[in-house]
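Two versions of one and the same chain are coming, encoded as structure tokens; call them structure 1 and structure 2.
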Structure 1
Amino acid sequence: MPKHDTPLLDQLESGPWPSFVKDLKRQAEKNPACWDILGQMEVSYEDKITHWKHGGIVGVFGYGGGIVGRYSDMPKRFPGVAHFHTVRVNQPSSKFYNTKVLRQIMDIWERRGSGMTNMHGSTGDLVLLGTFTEELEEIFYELTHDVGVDLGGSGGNLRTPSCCLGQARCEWSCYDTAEACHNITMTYQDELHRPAFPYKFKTKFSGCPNDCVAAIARSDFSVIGTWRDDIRIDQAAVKGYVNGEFPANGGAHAGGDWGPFNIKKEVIDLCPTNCMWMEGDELKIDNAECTRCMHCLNVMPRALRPGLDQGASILIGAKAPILDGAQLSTLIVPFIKMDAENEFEEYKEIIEKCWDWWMEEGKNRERIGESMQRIGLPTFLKIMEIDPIPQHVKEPRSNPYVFWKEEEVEGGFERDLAEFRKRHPM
């Protein structure tokens, strides 16, 4: 039986999209705390404002992250959510699960939490939503001992790394994103669990420039697969697309009335660098001019594949708007190999160099992208011991304000005024 009337939320039970209200009510039969979730949320729907108190520092011994504290500001009225802490469970790479491990986690969560989850949080963790302080150590014990899973990150630390589907089920992935994500998560467990950074630090692994895990927008350290040789072309398959034997764009436009496939209009003319043309019925690509945007591969997946010399570009500094506006990651290292055989050595060398500097020089609550803005890209590149190249910028600067260093200017900055005045009296 419902514990509270929820006439506003009840209106979200209808409609074709899955209803979280229906789901909460169903769960409430097992976890009565869900009635209080509904009750407090209904009050928020009436009041148009949140009823969660600010913050709350809770955790498990030895870790500085992984639990987000939350308390109701109406604990008497809704005692089931008086504490409503979140447990972040580090997801397996690419979010594959077997039902055994999922059921184990859910069993714990029905016993010790609200029974509500997020599959998944924005950073990638499996989020268990809502439990009491006294349950936290018990949950952590059972997760680590009985299931063999660990907590993810929160606070000023390495946040839980995440990756796209990668080579598991995608033809475009230029490195093994799942293995990279796993290896790097395991290598940096201390950085993940014990906050020692100025602020949060996210790293995400996308297999190709389509960037399905949004690395370029959502991670401080973005690793995006690419290649540096020639796109592989299967000319027979090109003909197949031209003749309409294969659906363009993998059939993604099947529901629209777009007419027959036109390779000139849909591929060649949309190439951002105009580096493709037809010679007879053969598709030609000037690969030296290609910027690997993925459009032609997306449209003709059977005919075009990434080259074989594969690796990743490293871009640094993405973040959401707080404080000085949103930033996308900036290209820093155009190409590295991402090899499991050498334990992603090149990646680790670069990220550790970033951290060494940022932990010294980053200000409190300053994302690395903001630190980069503050000191400027040329200085950041110097710190990273990377020579500046045109690929680092969209265009050269248009203002003339170069910060020349004394050693770069003949004779240095020290000059003799008396000598100057001999020739240039006032």
Structure 2
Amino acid sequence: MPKHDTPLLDQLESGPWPSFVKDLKRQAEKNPACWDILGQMEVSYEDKITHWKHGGIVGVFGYGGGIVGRYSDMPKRFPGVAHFHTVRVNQPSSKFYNTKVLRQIMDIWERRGSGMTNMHGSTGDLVLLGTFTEELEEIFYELTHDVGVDLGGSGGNLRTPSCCLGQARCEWSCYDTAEACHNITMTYQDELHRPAFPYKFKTKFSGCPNDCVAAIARSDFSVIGTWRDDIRIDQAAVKGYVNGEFPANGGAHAGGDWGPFNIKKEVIDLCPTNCMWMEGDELKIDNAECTRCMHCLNVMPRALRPGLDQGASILIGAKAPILDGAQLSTLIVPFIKMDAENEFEEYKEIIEKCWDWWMEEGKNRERIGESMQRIGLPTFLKIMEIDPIPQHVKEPRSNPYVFWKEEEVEGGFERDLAEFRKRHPM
């Protein structure tokens, strides 16, 4: 296949950053079809429109997801990309690959595809970019039989679950994210490969509130590790930080030396709920006011640790659409135990209840967060059989037209207040 003149794309090689154009040209020396990728992209830059068209229904036998079909609308001019299907490969938990598996996958893709990959898509998945329809079944067979990996999710289904490094590598992780991600992936194979939902559904597992997989910003069902007892404090280590015995920020200062560590300036004054203070040389924390922001633990890791009663919070409804703007997930269940011995039973009860309602009530191409917004959080909480708590309140009530149920008026408030105090002793 001939090389194409690409003056617009060539400009992308001139900057200080790594260039995908340079990578594509290097790959084209081994796979000439990549010249046609560059050629069609140059035309798209000139015309200011895409020349890819969605492929509709294309995939492998028995699976409704895992293949993103795509065709060129200029196949005669660029025959190397007349078909340009994407294969999504389900990544291992925490993306712990070994080199043998990676080499096997790359060997298949060099022989049967463009050789281009995306490591990784935003949901997860090792994304293999660009192959012809007649290669799909062969690729699927070799991936599953020779390598032992499966396809990921696409379409209106459970998208490939993904997780952070968790307890394998991280000191903050409050549950085994890798085990949770693997268990859920294996349990819900039907939901993953055979689309039956109104639209896509993403679940991500973060071991702590640092949320290293950005679950709260990008997943419909976020599982964020947390604790419900007190933060553990090593007062001797606190004194060590105050006295300058430990280098602040592990010795790594962005932008130069920040000077001596100042616990008031760098920790206490930055607490979002002002729940920390010093009494003499001891650090005190009002744990009832702590929102688990992780700042103090990140700054003083020798002195502060998560509590021992560990589990996860469930937040629902994030998405990041281009036109509407990002929507963060909403806290629904403050705490569940993420118990591998019980096969993550609490998690599964909640997610299946979500799916049962959403598949009945969700509109076509409506994410579950949009369905929640449409019916309102109070109604969603009733559907989920969850008692409202203060953390569910976005702002003080501003609507004066509030209609009370009879049982709420006749002594209901006093009864509810007594029940709340019993469940949340001061």
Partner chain sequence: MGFDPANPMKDRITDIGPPHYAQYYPQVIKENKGKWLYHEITQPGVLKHVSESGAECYTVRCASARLISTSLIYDMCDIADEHCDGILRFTTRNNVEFMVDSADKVQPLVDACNAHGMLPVGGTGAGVTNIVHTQGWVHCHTPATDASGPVKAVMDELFDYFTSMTLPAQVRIALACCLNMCGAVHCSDIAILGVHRKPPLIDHDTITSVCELPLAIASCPLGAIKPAKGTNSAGEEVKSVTVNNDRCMFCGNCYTMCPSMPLADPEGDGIAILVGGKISNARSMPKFSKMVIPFLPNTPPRWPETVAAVKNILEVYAKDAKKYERVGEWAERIGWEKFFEKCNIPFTDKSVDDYRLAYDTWRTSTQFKFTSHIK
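Residue numbering: structure 1 sequence, from 1. We call the rigid core whatever largest set of C-alpha positions still superposes within 1.5 Å between the two forms. Remember, predicted model here, so these are calculated numbers, not experimental data.
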The form predicted in complex with its partner chain? Structure 1
Note to self: Using a rigid core superposition, assess whether G55 undergoes a CA shift of 2 Å or more between structures 1 and 2.
What the structure shows: yes
Aligning on the rigid core, one finds that F420 shifts at its CA between structures 1 and 2, in Å, by 38.8
